[in-house]
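Here we start with a single chain on its own, the form predicted alone, put down as structure tokens.
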Amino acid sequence: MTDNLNHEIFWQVHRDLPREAPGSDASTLRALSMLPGLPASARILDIGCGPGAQSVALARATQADVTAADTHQPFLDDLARRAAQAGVAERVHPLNASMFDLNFDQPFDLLWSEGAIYIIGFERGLREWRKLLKPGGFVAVTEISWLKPNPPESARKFWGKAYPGMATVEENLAHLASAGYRSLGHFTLPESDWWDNYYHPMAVRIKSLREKYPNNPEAQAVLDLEYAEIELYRQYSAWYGYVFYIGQA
């Protein structure tokens, strides 16, 4: 299997999905409601924003100025269109920038990241991004986490390869504290956040791509891998999920 084909099929699966990770406007707004004393005209940095559904939700729910950073320009272009359609384009600023190298002249009131901090690592991201916050500023991130001990072998093996740094909720709360934040609460995203705007649209896309590449075993192998993740969650959703962690510096 060539890397180029793998990359091409991956982006065909993920292009133009409603979200690029489990989530929903309802969960975004629930996390936002857990931030006491957030300034009305806050400066928010959404790190690893993807196509930016949460960026737009934050802008619509507040009078905040939202800088949304990602390295995949098509996602940022999609975000710009979404922000314009929602009437918040003047307060949503797509930025092509890596989460590994974020530098700004002014600090932010709130750091946000949904389904992306795993790229840099939960603890490392919390520590390195803290310099971007004002004193007393907030952080709200989602991180895939083990919800119960002793997960089934199939789930443990899959995530041991896909994300070796995956930790329990208790371990992540300890990481939050060690990075210098006071926990303001956490909650597990409902299963509908996985299905409605992520896995169901992805499954439809995979089906259409199987029909597009019927005699291409390499393409079918990539699609098999993508679909395996969906089926794993269908079987073992009680054992792992995305958790919103909210803290204050």
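Just so we're clear, the structure is a prediction, and the values are computed from it rather than from any experiment. So that there is no doubt, residue numbering starts at 1 and follows the sequence shown.
Beyond the structure shown, there is the form predicted in complex with a small molecule, which is absent from this document and is the topic of what follows.
**Q** I'd like to know whether S98 contacts the small molecule in the predicted bound form, with contact meaning heavy atoms within 4.5 angstroms.
**A** Yes, S98 lies within 4.5 Å of the small molecule in the predicted bound form.
**Q** Considering only heavy atoms, tell me if F158 and the small molecule come within 4.5 Å of each other in the predicted bound form.
**A** Although the small molecule is absent here, F158 would stay clear of it in the predicted bound form, with no heavy atoms inside 4.5 Å.
**Q** Can you work out whether K148 and the small molecule are in contact in the predicted bound form, taking contact to mean some heavy atom pair no more than 4.5 Å apart?
**A** Close contact is absent here: in the predicted bound form, K148 is far from the small molecule, nothing within 4.5 Å, heavy atoms only.
**Q** Answer yes if any heavy atom of A80 is within 4.5 Å of a heavy atom of the small molecule in the predicted bound form; otherwise answer no.
**A** No, A80 stays farther than 4.5 Å from the small molecule in the predicted bound form.
**Q** Counting only non-hydrogen atoms, choose the one of 109-117, 161-169, 132-140, 175-183 that falls within 4.5 Å of the small molecule in the predicted bound form.
**A** The contacting stretch is 109-117.
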